[in-house]
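One chain comes next, on its own, written out as C-alpha coordinates in the form predicted on its own.
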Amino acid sequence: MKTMRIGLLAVLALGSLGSQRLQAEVSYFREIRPIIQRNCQGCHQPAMKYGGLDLTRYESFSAGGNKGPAYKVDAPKESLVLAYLKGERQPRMPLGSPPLADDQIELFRSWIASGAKDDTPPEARESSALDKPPVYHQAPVITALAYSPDGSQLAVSGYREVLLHRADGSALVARLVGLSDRIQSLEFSNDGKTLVAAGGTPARFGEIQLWDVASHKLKHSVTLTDETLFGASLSPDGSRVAVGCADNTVRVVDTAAGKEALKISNHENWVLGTVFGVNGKRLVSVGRDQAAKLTDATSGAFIENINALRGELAAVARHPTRDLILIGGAERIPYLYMMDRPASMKIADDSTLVRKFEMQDGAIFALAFSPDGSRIAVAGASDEVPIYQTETGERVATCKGHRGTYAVVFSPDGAHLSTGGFDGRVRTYEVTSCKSERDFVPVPLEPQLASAR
(Lines give C-alpha, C1' and ligand atoms only; values in the text may rest on other atoms or scores of the structure.)
Protein backbone atom coordinates (compact mmCIF):
# COMPACT_ATOMS: atom_id res chain seq x y z
CA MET A 1 0.00 0.00 0.00
CA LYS A 2 2.84 2.32 0.94
CA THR A 3 4.56 1.50 -2.36
CA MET A 4 1.38 2.33 -4.29
CA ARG A 5 1.05 5.66 -2.42
CA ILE A 6 4.66 6.60 -3.29
CA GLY A 7 4.03 5.63 -6.90
CA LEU A 8 0.91 7.80 -7.04
CA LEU A 9 2.79 10.77 -5.55
CA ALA A 10 5.50 10.31 -8.14
CA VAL A 11 2.95 10.32 -10.95
CA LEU A 12 1.31 13.46 -9.55
CA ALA A 13 4.69 15.14 -9.22
CA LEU A 14 5.59 14.30 -12.81
CA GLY A 15 2.19 15.58 -13.92
CA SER A 16 2.79 18.83 -12.06
CA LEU A 17 6.21 19.23 -13.69
CA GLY A 18 4.67 18.50 -17.07
CA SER A 19 2.00 21.13 -16.43
CA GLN A 20 4.64 23.69 -15.50
CA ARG A 21 6.60 22.84 -18.62
CA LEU A 22 3.49 23.31 -20.75
CA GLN A 23 2.76 26.65 -19.06
CA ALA A 24 6.35 27.73 -19.82
CA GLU A 25 5.89 27.04 -23.55
CA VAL A 26 5.43 30.56 -24.87
CA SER A 27 4.20 30.98 -28.45
CA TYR A 28 6.33 33.18 -30.69
CA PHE A 29 3.47 33.80 -33.12
CA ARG A 30 0.69 34.45 -30.58
CA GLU A 31 2.62 36.12 -27.74
CA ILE A 32 6.10 37.34 -28.73
CA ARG A 33 5.34 38.58 -32.24
CA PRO A 34 2.44 40.90 -31.21
CA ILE A 35 4.66 42.60 -28.60
CA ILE A 36 7.37 43.13 -31.21
CA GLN A 37 4.87 44.46 -33.74
CA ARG A 38 3.42 46.94 -31.27
CA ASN A 39 6.65 48.18 -29.70
CA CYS A 40 9.70 47.38 -31.81
CA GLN A 41 9.07 47.09 -35.53
CA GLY A 42 8.73 50.83 -36.05
CA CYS A 43 12.54 51.11 -35.87
CA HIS A 44 13.52 47.57 -36.82
CA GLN A 45 12.04 46.79 -40.23
CA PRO A 46 13.42 46.53 -43.78
CA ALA A 47 12.50 50.16 -44.55
CA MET A 48 14.59 51.43 -41.59
CA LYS A 49 16.54 48.58 -39.92
CA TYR A 50 18.15 50.54 -37.08
CA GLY A 51 21.22 48.75 -35.71
CA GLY A 52 21.05 46.40 -38.68
CA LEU A 53 18.16 44.60 -36.98
CA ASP A 54 14.96 43.51 -38.72
CA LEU A 55 12.26 42.26 -36.34
CA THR A 56 9.50 41.65 -38.87
CA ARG A 57 10.28 37.93 -39.29
CA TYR A 58 11.44 35.16 -37.00
CA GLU A 59 14.47 34.43 -39.21
CA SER A 60 15.74 38.03 -39.21
CA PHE A 61 15.03 38.38 -35.47
CA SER A 62 17.06 35.25 -34.80
CA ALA A 63 19.93 36.46 -37.00
CA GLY A 64 20.22 39.68 -35.01
CA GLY A 65 21.92 42.91 -36.03
CA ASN A 66 25.20 44.79 -35.77
CA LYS A 67 25.73 43.66 -32.16
CA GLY A 68 25.30 39.97 -32.96
CA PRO A 69 22.48 37.40 -32.54
CA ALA A 70 19.43 38.75 -30.73
CA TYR A 71 19.26 35.79 -28.36
CA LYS A 72 20.98 32.57 -27.40
CA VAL A 73 18.64 29.59 -27.36
CA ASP A 74 18.07 28.14 -23.87
CA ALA A 75 20.23 30.91 -22.36
CA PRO A 76 18.14 33.99 -21.49
CA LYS A 77 20.88 35.53 -19.32
CA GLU A 78 23.22 35.60 -22.32
CA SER A 79 20.63 37.02 -24.74
CA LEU A 80 21.01 40.59 -26.03
CA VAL A 81 17.29 41.15 -26.47
CA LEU A 82 16.64 40.63 -22.76
CA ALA A 83 19.59 42.81 -21.76
CA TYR A 84 18.22 45.71 -23.81
CA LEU A 85 14.61 45.20 -22.69
CA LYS A 86 15.63 45.15 -19.02
CA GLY A 87 17.96 48.12 -19.34
CA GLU A 88 21.11 46.13 -18.54
CA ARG A 89 22.43 47.43 -21.85
CA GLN A 90 21.89 50.99 -23.05
CA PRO A 91 19.93 52.49 -24.59
CA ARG A 92 17.02 50.62 -23.05
CA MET A 93 14.50 49.35 -25.54
CA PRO A 94 11.99 50.25 -26.87
CA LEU A 95 13.93 53.45 -27.59
CA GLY A 96 12.11 56.61 -26.55
CA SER A 97 9.07 54.69 -25.28
CA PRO A 98 8.04 53.36 -21.86
CA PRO A 99 9.77 50.07 -20.90
CA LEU A 100 7.88 46.86 -21.48
CA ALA A 101 5.88 45.56 -18.53
CA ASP A 102 7.59 42.93 -16.39
CA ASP A 103 5.19 40.21 -17.52
CA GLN A 104 6.00 40.96 -21.17
CA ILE A 105 9.74 40.74 -20.52
CA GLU A 106 9.09 37.46 -18.71
CA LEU A 107 7.42 36.12 -21.87
CA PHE A 108 10.65 36.75 -23.80
CA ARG A 109 12.70 35.07 -21.06
CA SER A 110 10.44 32.02 -20.96
CA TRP A 111 10.33 31.74 -24.74
CA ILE A 112 14.13 31.80 -25.02
CA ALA A 113 14.51 29.42 -22.05
CA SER A 114 12.17 26.89 -23.67
CA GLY A 115 14.02 26.83 -26.99
CA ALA A 116 12.88 30.02 -28.81
CA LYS A 117 10.80 27.96 -31.22
CA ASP A 118 9.08 29.37 -34.29
CA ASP A 119 5.43 28.38 -34.46
CA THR A 120 4.49 30.81 -37.25
CA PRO A 121 1.89 29.18 -39.55
CA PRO A 122 3.12 28.69 -43.14
CA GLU A 123 0.57 31.10 -44.60
CA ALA A 124 1.61 33.85 -42.15
CA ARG A 125 5.30 33.20 -42.81
CA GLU A 126 4.81 33.64 -46.54
CA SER A 127 2.99 36.96 -46.14
CA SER A 128 5.32 38.50 -43.54
CA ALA A 129 8.31 39.35 -45.76
CA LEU A 130 8.61 43.14 -46.01
CA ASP A 131 11.88 43.33 -47.94
CA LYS A 132 10.03 43.17 -51.26
CA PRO A 133 6.64 44.44 -52.50
CA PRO A 134 3.65 42.11 -52.25
CA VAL A 135 2.49 40.06 -55.22
CA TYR A 136 -1.13 40.63 -56.24
CA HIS A 137 -3.49 38.08 -57.70
CA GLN A 138 -6.37 40.56 -57.71
CA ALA A 139 -6.72 44.26 -57.09
CA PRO A 140 -7.24 45.12 -53.39
CA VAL A 141 -9.91 47.49 -52.15
CA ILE A 142 -8.74 51.12 -52.33
CA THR A 143 -9.30 52.95 -49.05
CA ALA A 144 -7.17 56.09 -49.51
CA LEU A 145 -6.00 58.48 -52.24
CA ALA A 146 -3.96 61.71 -52.18
CA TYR A 147 -2.57 64.08 -54.80
CA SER A 148 0.84 65.67 -54.32
CA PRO A 149 0.52 69.49 -53.99
CA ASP A 150 2.07 70.06 -57.43
CA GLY A 151 -0.39 67.64 -58.99
CA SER A 152 2.31 65.41 -60.47
CA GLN A 153 1.70 62.28 -58.38
CA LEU A 154 -1.21 60.31 -56.99
CA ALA A 155 -0.69 58.16 -53.90
CA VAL A 156 -2.89 55.05 -53.70
CA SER A 157 -3.38 52.61 -50.83
CA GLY A 158 -2.45 48.99 -51.46
CA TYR A 159 -1.89 45.92 -49.33
CA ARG A 160 1.02 46.65 -46.97
CA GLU A 161 2.20 49.46 -49.24
CA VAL A 162 1.53 52.85 -50.77
CA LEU A 163 1.78 53.06 -54.53
CA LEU A 164 2.95 56.34 -56.05
CA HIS A 165 1.67 56.90 -59.59
CA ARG A 166 2.00 59.67 -62.07
CA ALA A 167 -1.18 61.67 -61.70
CA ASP A 168 -2.33 60.73 -65.20
CA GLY A 169 -2.01 57.03 -64.34
CA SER A 170 0.60 56.49 -67.05
CA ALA A 171 3.31 55.00 -64.82
CA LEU A 172 4.01 53.56 -61.39
CA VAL A 173 6.70 55.77 -59.80
CA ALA A 174 7.43 53.98 -56.51
CA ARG A 175 6.16 51.33 -54.10
CA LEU A 176 6.48 52.29 -50.43
CA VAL A 177 6.33 49.03 -48.48
CA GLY A 178 5.73 49.23 -44.73
CA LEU A 179 4.42 47.32 -41.74
CA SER A 180 0.70 47.96 -41.96
CA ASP A 181 -1.49 45.45 -43.74
CA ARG A 182 -4.06 48.21 -44.33
CA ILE A 183 -3.57 51.85 -45.28
CA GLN A 184 -6.65 53.83 -44.27
CA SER A 185 -5.47 57.43 -44.82
CA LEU A 186 -3.04 59.28 -47.06
CA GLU A 187 -2.05 62.95 -47.04
CA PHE A 188 0.83 64.99 -48.44
CA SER A 189 2.28 67.89 -46.48
CA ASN A 190 1.64 71.32 -47.99
CA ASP A 191 5.25 71.57 -49.16
CA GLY A 192 5.01 68.14 -50.81
CA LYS A 193 8.07 66.81 -49.01
CA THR A 194 6.32 64.34 -46.69
CA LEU A 195 3.64 61.74 -47.27
CA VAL A 196 1.65 60.53 -44.28
CA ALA A 197 0.13 57.05 -44.40
CA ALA A 198 -1.97 55.81 -41.48
CA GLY A 199 -3.45 52.38 -40.95
CA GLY A 200 -2.29 49.23 -39.24
CA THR A 201 -2.90 45.53 -38.92
CA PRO A 202 -6.31 44.69 -37.41
CA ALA A 203 -6.20 43.39 -33.82
CA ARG A 204 -2.39 43.89 -33.78
CA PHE A 205 -1.35 47.54 -34.03
CA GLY A 206 -2.02 50.92 -35.56
CA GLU A 207 0.73 52.79 -37.39
CA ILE A 208 1.57 56.22 -38.79
CA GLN A 209 4.18 56.17 -41.55
CA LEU A 210 6.03 59.36 -42.50
CA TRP A 211 7.71 59.03 -45.91
CA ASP A 212 10.24 61.31 -47.56
CA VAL A 213 8.68 61.86 -50.97
CA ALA A 214 11.87 62.70 -52.88
CA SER A 215 13.91 59.72 -51.70
CA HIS A 216 11.01 57.31 -51.11
CA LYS A 217 12.55 56.55 -47.71
CA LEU A 218 10.64 55.99 -44.48
CA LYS A 219 11.46 58.75 -41.97
CA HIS A 220 9.36 57.51 -39.06
CA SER A 221 7.10 54.59 -38.24
CA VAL A 222 5.00 55.33 -35.16
CA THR A 223 2.96 52.45 -33.73
CA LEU A 224 -0.06 53.35 -31.61
CA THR A 225 -2.81 51.29 -29.93
CA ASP A 226 -3.75 47.68 -30.69
CA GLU A 227 -5.97 48.34 -33.71
CA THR A 228 -5.91 50.06 -37.10
CA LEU A 229 -5.83 53.89 -37.19
CA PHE A 230 -8.28 56.02 -39.15
CA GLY A 231 -8.82 59.50 -40.54
CA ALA A 232 -5.32 60.99 -40.42
CA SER A 233 -4.91 64.75 -40.90
CA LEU A 234 -1.88 67.04 -40.96
CA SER A 235 -1.82 70.39 -39.22
CA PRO A 236 -1.48 73.31 -41.68
CA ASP A 237 2.20 73.78 -40.82
CA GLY A 238 2.89 70.04 -41.11
CA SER A 239 4.31 69.79 -37.59
CA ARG A 240 1.65 67.41 -36.27
CA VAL A 241 -0.53 64.61 -37.53
CA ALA A 242 -3.77 63.55 -35.83
CA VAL A 243 -5.42 60.13 -36.15
CA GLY A 244 -8.60 58.51 -34.92
CA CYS A 245 -8.31 55.30 -32.90
CA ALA A 246 -10.45 52.29 -32.05
CA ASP A 247 -9.78 52.85 -28.33
CA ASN A 248 -12.03 55.93 -28.51
CA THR A 249 -9.09 58.35 -28.57
CA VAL A 250 -7.47 60.83 -30.91
CA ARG A 251 -3.66 60.70 -30.97
CA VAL A 252 -1.49 63.60 -32.11
CA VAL A 253 2.07 62.83 -33.25
CA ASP A 254 4.99 65.22 -33.68
CA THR A 255 6.08 64.68 -37.28
CA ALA A 256 9.69 65.82 -36.80
CA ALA A 257 10.36 63.63 -33.78
CA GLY A 258 8.08 60.78 -34.79
CA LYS A 259 6.68 60.64 -31.25
CA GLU A 260 3.21 60.82 -29.74
CA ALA A 261 2.63 64.32 -28.39
CA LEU A 262 -0.99 64.22 -27.22
CA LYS A 263 -3.72 61.71 -26.36
CA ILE A 264 -7.29 63.03 -26.47
CA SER A 265 -10.02 61.01 -24.76
CA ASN A 266 -13.22 62.92 -25.50
CA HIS A 267 -15.09 60.31 -27.57
CA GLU A 268 -17.23 57.43 -26.37
CA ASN A 269 -16.66 55.13 -29.35
CA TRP A 270 -14.26 54.59 -32.26
CA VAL A 271 -12.90 57.78 -33.84
CA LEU A 272 -12.93 57.56 -37.64
CA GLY A 273 -11.95 61.03 -38.84
CA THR A 274 -9.97 64.12 -37.81
CA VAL A 275 -9.27 67.56 -39.27
CA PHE A 276 -7.37 70.61 -37.99
CA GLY A 277 -8.80 74.11 -38.12
CA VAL A 278 -7.33 76.72 -40.45
CA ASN A 279 -4.81 77.99 -37.87
CA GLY A 280 -4.01 74.54 -36.48
CA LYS A 281 -5.03 75.46 -32.93
CA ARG A 282 -8.20 73.39 -32.89
CA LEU A 283 -9.20 69.96 -34.05
CA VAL A 284 -12.51 68.39 -35.06
CA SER A 285 -12.94 64.63 -34.76
CA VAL A 286 -15.85 62.38 -35.69
CA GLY A 287 -16.77 58.79 -34.99
CA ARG A 288 -19.25 56.14 -34.03
CA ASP A 289 -20.57 58.13 -31.07
CA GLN A 290 -22.26 60.45 -33.63
CA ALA A 291 -20.41 63.53 -32.40
CA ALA A 292 -18.24 66.04 -34.25
CA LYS A 293 -16.12 67.14 -31.31
CA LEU A 294 -14.21 70.41 -31.23
CA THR A 295 -10.99 70.16 -29.21
CA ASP A 296 -8.09 72.40 -28.29
CA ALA A 297 -5.27 70.88 -30.36
CA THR A 298 -2.58 71.97 -27.91
CA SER A 299 -4.01 70.85 -24.59
CA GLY A 300 -6.57 68.28 -25.72
CA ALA A 301 -9.29 70.09 -23.77
CA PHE A 302 -12.82 69.45 -25.04
CA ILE A 303 -14.60 72.60 -26.24
CA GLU A 304 -18.00 71.36 -27.50
CA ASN A 305 -19.89 69.25 -30.00
CA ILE A 306 -20.50 71.32 -33.11
CA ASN A 307 -23.36 69.14 -34.36
CA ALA A 308 -26.67 67.72 -33.21
CA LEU A 309 -26.28 63.95 -32.73
CA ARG A 310 -28.01 61.83 -35.35
CA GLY A 311 -26.09 58.85 -36.76
CA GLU A 312 -22.59 57.38 -36.66
CA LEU A 313 -20.08 59.60 -38.46
CA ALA A 314 -17.39 58.19 -40.75
CA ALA A 315 -16.04 61.22 -42.62
CA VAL A 316 -15.04 64.82 -42.03
CA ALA A 317 -13.49 67.50 -44.26
CA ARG A 318 -12.63 71.18 -43.76
CA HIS A 319 -13.06 74.05 -46.20
CA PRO A 320 -9.59 74.93 -47.57
CA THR A 321 -9.60 78.54 -46.30
CA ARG A 322 -12.46 78.78 -43.77
CA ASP A 323 -13.40 76.99 -40.56
CA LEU A 324 -16.38 75.25 -42.13
CA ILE A 325 -16.71 71.54 -41.38
CA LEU A 326 -18.39 68.96 -43.61
CA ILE A 327 -19.45 65.69 -41.95
CA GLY A 328 -21.30 62.54 -43.00
CA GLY A 329 -21.91 58.91 -42.16
CA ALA A 330 -24.63 56.37 -41.53
CA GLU A 331 -27.49 58.87 -41.82
CA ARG A 332 -26.50 59.35 -45.50
CA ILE A 333 -26.81 63.16 -45.33
CA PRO A 334 -23.81 65.51 -45.63
CA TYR A 335 -23.95 68.46 -43.19
CA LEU A 336 -21.93 71.66 -43.38
CA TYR A 337 -21.24 73.32 -40.00
CA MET A 338 -19.47 76.37 -38.69
CA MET A 339 -16.62 75.48 -36.37
CA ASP A 340 -17.27 78.61 -34.30
CA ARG A 341 -20.51 79.20 -32.42
CA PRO A 342 -21.47 82.85 -31.94
CA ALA A 343 -22.01 83.72 -28.26
CA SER A 344 -25.74 84.28 -28.75
CA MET A 345 -26.31 80.75 -30.03
CA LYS A 346 -27.28 77.86 -27.79
CA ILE A 347 -24.96 74.92 -27.26
CA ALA A 348 -25.89 71.35 -28.26
CA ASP A 349 -28.31 72.29 -31.03
CA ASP A 350 -28.02 72.81 -34.78
CA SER A 351 -27.54 76.57 -34.67
CA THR A 352 -24.10 76.24 -36.27
CA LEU A 353 -25.56 74.37 -39.26
CA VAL A 354 -24.83 76.13 -42.53
CA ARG A 355 -26.31 73.66 -44.99
CA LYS A 356 -27.90 70.24 -45.20
CA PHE A 357 -27.30 68.46 -48.51
CA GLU A 358 -29.53 65.85 -50.11
CA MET A 359 -29.71 62.30 -48.76
CA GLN A 360 -27.42 59.83 -50.52
CA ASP A 361 -28.35 56.34 -51.72
CA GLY A 362 -26.00 54.76 -49.18
CA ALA A 363 -23.87 55.44 -46.13
CA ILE A 364 -21.17 58.10 -46.55
CA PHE A 365 -17.54 56.93 -46.32
CA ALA A 366 -15.53 59.90 -47.65
CA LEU A 367 -15.90 63.64 -48.30
CA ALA A 368 -13.75 66.18 -50.14
CA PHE A 369 -13.66 69.92 -50.83
CA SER A 370 -12.32 71.29 -54.09
CA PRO A 371 -9.13 73.36 -53.62
CA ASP A 372 -11.05 76.64 -53.84
CA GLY A 373 -13.83 75.37 -51.57
CA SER A 374 -16.55 75.99 -54.14
CA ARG A 375 -17.53 72.35 -54.53
CA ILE A 376 -17.77 69.19 -52.46
CA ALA A 377 -17.76 65.52 -53.45
CA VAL A 378 -19.57 62.81 -51.51
CA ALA A 379 -18.51 59.15 -51.67
CA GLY A 380 -19.92 56.04 -50.04
CA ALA A 381 -21.98 52.89 -50.48
CA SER A 382 -23.87 54.39 -53.41
CA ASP A 383 -22.81 53.56 -56.98
CA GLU A 384 -22.36 57.27 -57.71
CA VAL A 385 -20.24 60.17 -56.43
CA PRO A 386 -22.20 63.43 -56.65
CA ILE A 387 -20.58 66.88 -56.75
CA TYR A 388 -22.35 69.84 -55.16
CA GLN A 389 -21.97 73.60 -55.07
CA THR A 390 -20.87 74.44 -51.52
CA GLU A 391 -22.76 77.75 -51.32
CA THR A 392 -26.09 76.57 -52.70
CA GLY A 393 -26.18 72.81 -52.10
CA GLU A 394 -27.09 72.27 -55.75
CA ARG A 395 -25.91 69.03 -57.37
CA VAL A 396 -23.85 70.04 -60.42
CA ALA A 397 -22.45 66.69 -61.59
CA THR A 398 -22.63 62.96 -60.89
CA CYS A 399 -19.67 60.61 -61.34
CA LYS A 400 -20.45 56.92 -61.81
CA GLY A 401 -18.54 53.67 -62.08
CA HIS A 402 -17.80 52.29 -58.63
CA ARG A 403 -19.65 49.73 -56.54
CA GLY A 404 -18.87 51.37 -53.22
CA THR A 405 -16.40 54.26 -52.99
CA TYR A 406 -14.07 54.62 -50.01
CA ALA A 407 -11.75 57.40 -51.20
CA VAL A 408 -12.33 60.64 -53.10
CA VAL A 409 -9.99 63.56 -53.80
CA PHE A 410 -9.86 66.64 -56.05
CA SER A 411 -6.71 67.40 -58.02
CA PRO A 412 -4.77 70.49 -56.84
CA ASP A 413 -6.01 72.52 -59.83
CA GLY A 414 -9.61 71.52 -59.11
CA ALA A 415 -10.16 70.24 -62.64
CA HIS A 416 -10.23 66.52 -61.85
CA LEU A 417 -11.77 64.19 -59.29
CA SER A 418 -10.24 60.80 -58.47
CA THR A 419 -12.04 57.99 -56.68
CA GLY A 420 -11.20 54.51 -55.43
CA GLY A 421 -13.20 51.75 -53.86
CA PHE A 422 -14.37 48.18 -53.66
CA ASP A 423 -13.35 47.07 -57.16
CA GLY A 424 -9.72 48.15 -56.68
CA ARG A 425 -9.68 50.58 -59.61
CA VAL A 426 -8.75 54.27 -59.66
CA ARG A 427 -11.13 56.40 -61.70
CA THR A 428 -10.49 60.03 -62.60
CA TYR A 429 -13.19 62.35 -63.91
CA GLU A 430 -13.38 65.81 -65.39
CA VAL A 431 -15.07 67.78 -62.62
CA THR A 432 -17.54 69.90 -64.60
CA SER A 433 -19.12 67.05 -66.54
CA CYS A 434 -17.94 63.98 -64.58
CA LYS A 435 -16.74 62.56 -67.88
CA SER A 436 -14.38 59.63 -67.31
CA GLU A 437 -10.74 60.49 -68.12
CA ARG A 438 -8.77 57.57 -66.67
CA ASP A 439 -9.58 54.15 -65.24
CA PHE A 440 -6.80 51.83 -64.09
CA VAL A 441 -5.75 49.17 -61.60
CA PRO A 442 -2.99 50.77 -59.47
CA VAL A 443 -1.26 47.55 -58.41
CA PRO A 444 0.77 45.24 -60.68
CA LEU A 445 -1.12 41.99 -61.20
CA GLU A 446 0.28 38.58 -62.07
CA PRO A 447 0.80 38.59 -65.88
CA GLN A 448 -1.78 35.96 -66.74
CA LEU A 449 -4.38 37.60 -64.49
CA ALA A 450 -3.56 41.06 -65.79
CA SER A 451 -4.03 39.96 -69.40
CA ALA A 452 -7.31 38.26 -68.49
CA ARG A 453 -8.72 41.58 -67.29
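Quick caveat: nothing in here was measured; it's all calculated off a predicted structure. Position 1 is the first residue in the sequence shown; the rest follow in order.
Quick note: we don't show the form predicted together with a small molecule, though the next part is all about it.
S.K.: Among the candidate stretches 331 to 339, 238 to 246, 208 to 216, 90 to 98, which one is within 4.5 Å of the small molecule in the model of the complex when only heavy atoms are counted?
M.R.: Among the listed stretches, the partner-contacting one is 90 to 98.
S.K.: Would you please decide whether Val26 lies within 4.5 angstroms of the small molecule in the model of the complex, comparing each non-hydrogen atom pair?
M.R.: Although the small molecule is absent here, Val26 would stay clear of it in the model of the complex, with no heavy atoms inside 4.5 Å.
S.K.: With the partner left out of view, is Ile376 within 4.5 angstroms of the small molecule in the model of the complex by any non-hydrogen atom?
M.R.: Close contact is absent here: in the model of the complex, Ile376 is far from the small molecule, nothing within 4.5 Å, heavy atoms only.
S.K.: Against the small molecule in the model of the complex, would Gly393 count as a contact residue? Criterion: heavy atoms within 4.5 Å.
M.R.: Flag for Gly393 set to no.
S.K.: Would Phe422 sit within 4.5 Å of the small molecule in the model of the complex, counting heavy atoms only?
M.R.: It does not: once the small molecule is placed as it appears in the model of the complex, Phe422 has no heavy atom within 4.5 Å of it.
S.K.: Have a look at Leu53, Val409, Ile387, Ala47 for me and say which one sits with a heavy atom within 4.5 Å of the small molecule in the model of the complex.
M.R.: Checked against the cut-off, the match is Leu53.
S.K.: Here the chain is shown alone; which of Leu294, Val81, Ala232, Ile327 has a heavy atom within 4.5 Å of the small molecule in the model of the complex?
M.R.: By the 4.5 Å criterion, the partner-contacting residue is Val81.
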